[in-house]
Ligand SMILES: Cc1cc2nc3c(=O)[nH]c(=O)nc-3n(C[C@H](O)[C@H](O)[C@H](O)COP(=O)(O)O)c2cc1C
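Just one chain follows, in the form predicted alone, and it is written as structure tokens.
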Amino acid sequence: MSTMAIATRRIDSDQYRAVMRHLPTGVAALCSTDPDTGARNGMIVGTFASLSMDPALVTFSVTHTSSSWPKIAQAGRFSVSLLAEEQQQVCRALSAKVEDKLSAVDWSESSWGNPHIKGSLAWFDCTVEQQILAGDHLIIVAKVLEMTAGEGAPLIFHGGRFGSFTESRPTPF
């Protein structure tokens, strides 16, 4: 077996962003409560995904320069709320550069002490298992402690815009 060097060239970040805009993503809110101060923290990610069923693990990524993620990670546990199609304002509120992001959001406290965004499609309570530096992001692997599902359609981000999912007829694979 021979090894062949793969020629690489630098990928332009603007072109990369323009191409990746074609991939629709779900919108997830990460929230925590600082156990020492009681301060609530929140942020939005579009990279939330299932990683493992046994044990139940999820993954997402955040920029390594995020000012919100260290506060959430330091709390030791956090929630993930999968936003519903009508929750664009929640996304905007948790994306704002303000101190108390949850002041404009309707939420309730989970049994783990984390804010769950009311009206979301699903909620997870998690702890951080691993943080991996990859390029300009951290890949987070988190253990699911508890989860609950609601009803509705997901909020989707695609091409720089919010949208929703339109169901089509089932197609056999």
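Everything quoted here is computed from the prediction, not taken from an experiment. One-based numbering along the sequence shown.
The form predicted together with the named molecule is left out here; the points below concern that form.
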Which pick from Val58, Val105, Val62, Leu121 sits with a heavy atom within 4.5 Å of the named molecule in the predicted bound form? Val62
Can you work out which of Gln131, Ser52, Ser66, Thr127 has a heavy atom no more than 4.5 Å from the named molecule in the predicted bound form? Ser66
Could you tell me if Ser95 has a non-hydrogen atom within 4.5 Å of the named molecule in the predicted bound form? yes
Give a yes/no on whether Ala75 approaches the named molecule to within 4.5 Å in the predicted bound form, heavy atoms considered. no
How about Cys91: is it within 4.5 Å of the named molecule in the predicted bound form, going by heavy atoms? yes
Closest heavy atom of Gly46 to the named molecule in the predicted bound form, within 4.5 Å or not? yes
Work out which of the listed stretches, 31-39, 144-152, 66-74, 109-117, brings a heavy atom within 4.5 angstroms of the named molecule in the predicted bound form. 66-74
